[in-house]
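Presented below, as structure tokens, is a lone chain in the form predicted on its own.
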Amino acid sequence: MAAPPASSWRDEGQPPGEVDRLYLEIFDAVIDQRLRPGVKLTEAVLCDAFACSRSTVRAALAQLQHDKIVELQPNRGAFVAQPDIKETRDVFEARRMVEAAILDKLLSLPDLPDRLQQLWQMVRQERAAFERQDRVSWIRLSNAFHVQLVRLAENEVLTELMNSLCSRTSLIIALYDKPGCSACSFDEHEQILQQLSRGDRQGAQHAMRQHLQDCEERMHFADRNVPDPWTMFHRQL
């Protein structure tokens, strides 16, 4: 059975309207890497696929742009975002800072080992998805681990922030991850849980920092910045 889609880990509220429904459909397709960075999202195609109006499509795309999932380019249309190297570095730096604070908050909870049980189960599901080569579930569970970890801290603002950071990380992984690899390892998730279960602040911080650093180092930036062919006209004759 496939893991729940990424949208299921976002804050639950009222049943989604048409704009929200389309937002979530595109969001899941991007996070699952069914829609790759740089792909054009054509309004007419989306209208036909989801039996909705152009106004609905435009509103959903505007929300996706706000969340850095889609880029709206004047006179060209909407495209799945393509984070550059600077943004990649910034996202991972932000995650190291935010997730360090989350660990400190979690370690102050007296019932933390009990709260971690669902995360142990999630890591087992990650491993199982990897072993059966179910890449979509593996990606979903890798993201869900970090979102669920912050949810244990019961801070809605931090949870919303982590949702955003994980979404942007998924785009980065889709664009820069080395073929055949995964930037988020269930073995490293297990190490984080082990240190949290022991109440070892230094060990947990080190495990998380190392995990995020390893994720960033797995990104393959070579040949991604393709030279602009029009620069040939800028040469001095």
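Just so we're clear, the structure is a prediction, and the values are computed from it rather than from any experiment. So that there is no doubt, residue numbering starts at 1 and follows the sequence shown.
The form predicted in complex with a further copy of the same chain is left out here; the points below concern that form.
Undergrad: Considering non-hydrogen atoms and a 4.5 Å limit, does a further copy of the same chain approach Arg168 in the model of the complex?
TA: Contact with a further copy of the same chain, yes.
Undergrad: Closest heavy atom of Val136 to a further copy of the same chain in the model of the complex, within 4.5 Å or not?
TA: Answer no; every heavy atom of Val136 is more than 4.5 Å from a further copy of the same chain in the model of the complex.
Undergrad: Consider Val91 of the chain shown here, and say whether it contacts a further copy of the same chain in the model of the complex, taking contact as heavy atoms within 4.5 Å.
TA: Heavy-atom contact with a further copy of the same chain at 4.5 Å: present for Val91.
Undergrad: Residue-level contact is defined here as any heavy atom of the residue lying within 4.5 Å of a further copy of the same chain in the model of the complex; does Lys68 satisfy this criterion?
TA: Answer yes; at least one heavy atom of Lys68 falls within 4.5 Å of a further copy of the same chain in the model of the complex.
Undergrad: So which stretch, 75-83, 110-118, 124-132, 147-155, is the one near a further copy of the same chain in the model of the complex (non-hydrogen atoms, 4.5 Å)?
TA: After filtering at 4.5 Å, what remains is 147-155.
Undergrad: What is the one choice in Gln33, Ser185, Gln195, Gln63 with a heavy atom within 4.5 Å of a further copy of the same chain in the model of the complex?
TA: Residue within 4.5 Å of the partner: Gln63.
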